[in-house]
Every structure is written in structure tokens, then in C-alpha cells.
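Only one chain is given next, in C-alpha cells, and it is the form predicted alone.
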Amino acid sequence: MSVILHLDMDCFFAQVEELRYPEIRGKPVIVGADPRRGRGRGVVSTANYEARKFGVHSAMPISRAFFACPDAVFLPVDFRHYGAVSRRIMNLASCFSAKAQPVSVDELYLDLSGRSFLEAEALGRQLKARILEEEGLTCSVGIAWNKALAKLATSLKKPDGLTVLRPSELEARVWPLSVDTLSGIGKKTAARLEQVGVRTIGDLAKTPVRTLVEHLGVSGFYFRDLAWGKSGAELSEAWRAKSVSREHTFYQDTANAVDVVQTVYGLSERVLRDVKNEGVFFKTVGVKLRFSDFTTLVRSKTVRLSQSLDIVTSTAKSLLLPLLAGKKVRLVGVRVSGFVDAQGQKTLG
């Protein structure tokens, strides 16, 4: 039987900032855009638990976060620093298993198959202790027999928690939970399920699959399997981000094409720095524009395999300018994708 460990750093960005600035510990900390005393643009990236007590959460408009918690410490996002800390944590975690799959800057899975759940729990505690000792950061860990339930286990005790779910505990510990505890079931899906009397994971497990398919389409098969503790998803050792992007929200909507293009140049430099840190080449460049009426346009173009800043900026500019047409811009973004690692590029060359 598989034994999977899921690790999730607690309020990662905020924790890292509290390490850099010890004087803000114990205070509400919100990492994201500048709130400009309630007139700021952009969203919250991370809020620590003190800020969450005021209802602040990730992806909340920064202006709403300010009015919810005006006395919070607001800090800008420092992706470069967070990335460096993340790489150290991922390298440390990979020492605990030959099969490790990072899924984001603050989250990963380890395959501990071949060990008992008791042994996996001991390893989880060792991993938590190492991260705390070496990085000064807490994390939450979940252990189960597949990825979906390991992630669910992590969510049951946060922050700084460790939860183990065994197959024999499925009905007693998993089925009573709300159906939206399962990863992939959001508010809209949960609302559709409630129409047929499905409120808990146990309800989901006991509902005829035909009924689920009628309301959810083919996803009904997948979610019912999850409710029964079945999942075919395996860890991928060769995981890598499929794209790198950066966005900027203007404090005031602008129709000035020069301002927009200059912002694109700055975003392109940050994107290319991330690409080089990853050791990859890209073959697609894209842009994103959001106008004052919240209409959003996305365009992309395939280019020759490259690590060139000139290619990013010139391609982004050529995609961007025809879309402006004097309209007021709220947000602009640059994205590169279609990665090939540096070793592969050398071989192609």
C-alpha cells in the first residue's frame, strides 16, 4: 500500500517576513500589494493567522484587507527571497524520500511507500523538526494512502500540525467531514451537490454514481472515488512549473502606452531572472491585460527557444500594443512557458 506525506508551509510568505523582521511577530502581517490606506490595487498574497482573525485571506482585494485590519503590517511580495528559502526546504525534504514532488513554492509530496504509517509519522516529525531548526519555520504535515487524502489530512490540523489517516479510519474520520474539504470541490460544486442531499464526504460516497454524473459530469466518477479513498494519481519526480509570470496592478488606471510598456519591461526582467534561476529555456511569450471595466485579454506567441530578455520584451510589446487602443489599463502581466531544461537545449544545439 502507498504511504504519501504532504507538507504545507504555514503562511509561508508571512512567516519568512517575520524571520527577517522579528519586531513584527505577534502582529497581523499581510503580504501583497500596497494598500495605500484603502485605495490600493491588487490582492493579498498571504496573511498570517493573526490577520486571518480579522477575516483577511489570500486573494482578497488589498483595499478590503486594509479596512478589515488597518493596523496590520503590510509588506510587498519578495518572490526572489521566498524562492531561495523554498529551494532549501525542498532540498531538505527530498533527503527523506527518493520520490519527492514539489507542487508549489510552499508545498510538496513525499512517497514513503514501503514504510508503515507509524514509521511515516516519525519521519514527518523529524522533517518538521529539521525545517524548524534549520529555517526557523513551521509547517503542517498530512499522511495517508494517496495524495488527495494526505492533502486533506494536512488541512485538519493547522498551523504546525501533523495528522495521519489510515485506511481503516476512512468512515470514522473522513466521511463525517464537509464535502468541500476534498481538494477540487469548491463552493459552486458543493452547492450543486447539496441539491441532491450531499453535504458530507460520506454522503458523496453513498450517492449513486449516476446521480453524481448528472450533476457534475464525468467529475462525478473522480469525486466518488476520492470519497471511497481511491486515487490513481501518482507522484511525479520530474515536476517543474509549466510557466513563469509576473503581473502589476496600477494604482490608477492608465491609458498611457509608455507607462504600460515600461512596466512590461520591468516585469520581463523579473520573469527572465526566474527562468534563469530554474535553468530552463522558453519557447512561448504571453501578455495579459485587464482594463478598467475588468475585461481581460490574454495573447501569446511561439518564439525560438531562448533565454533572451530582448525576445521577451519585444514579443510582449508586439502583442500588447495592438490591444491598448487608448483604453485605460488596470493590470498588465508577462508570462513565458514551453520550457526545455538547459541540458536539453545544449543537446539540441
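None of these values were measured; they are calculated from a predicted model. When you see a residue number, it is the position in the sequence shown, counting from 1.
Heads up, the form predicted together with thymidine-5'-triphosphate isn't pictured, but that's what we're talking about next.
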Q) Taking the shortest heavy atom distance, is residue 313 within 4.5 Å of thymidine-5'-triphosphate in the predicted complex? A) no
Q.
With a cut-off of 4.5 Å between heavy atoms, is residue 49 one of the residues that contacts thymidine-5'-triphosphate in the predicted complex?
A. yes
Q.
Can you work out whether residue 58 and thymidine-5'-triphosphate are in contact in the predicted complex, taking contact to mean some heavy atom pair no more than 4.5 Å apart?
A. yes
**Q.** Any non-hydrogen atom of residue 158 within 4.5 angstroms of thymidine-5'-triphosphate in the predicted complex
**A.** yes
Q) Pick from 101-109, 166-174, 268-276, 220-228: which stretch has non-hydrogen atoms within 4.5 Å of thymidine-5'-triphosphate in the predicted complex? A) 101-109
Q: Could you list the residues in 1-34 that come within 4.5 Å of thymidine-5'-triphosphate in the predicted complex, counting only heavy atoms and keeping sequence order?
A: 8, 9, 10, 11, 12, 13
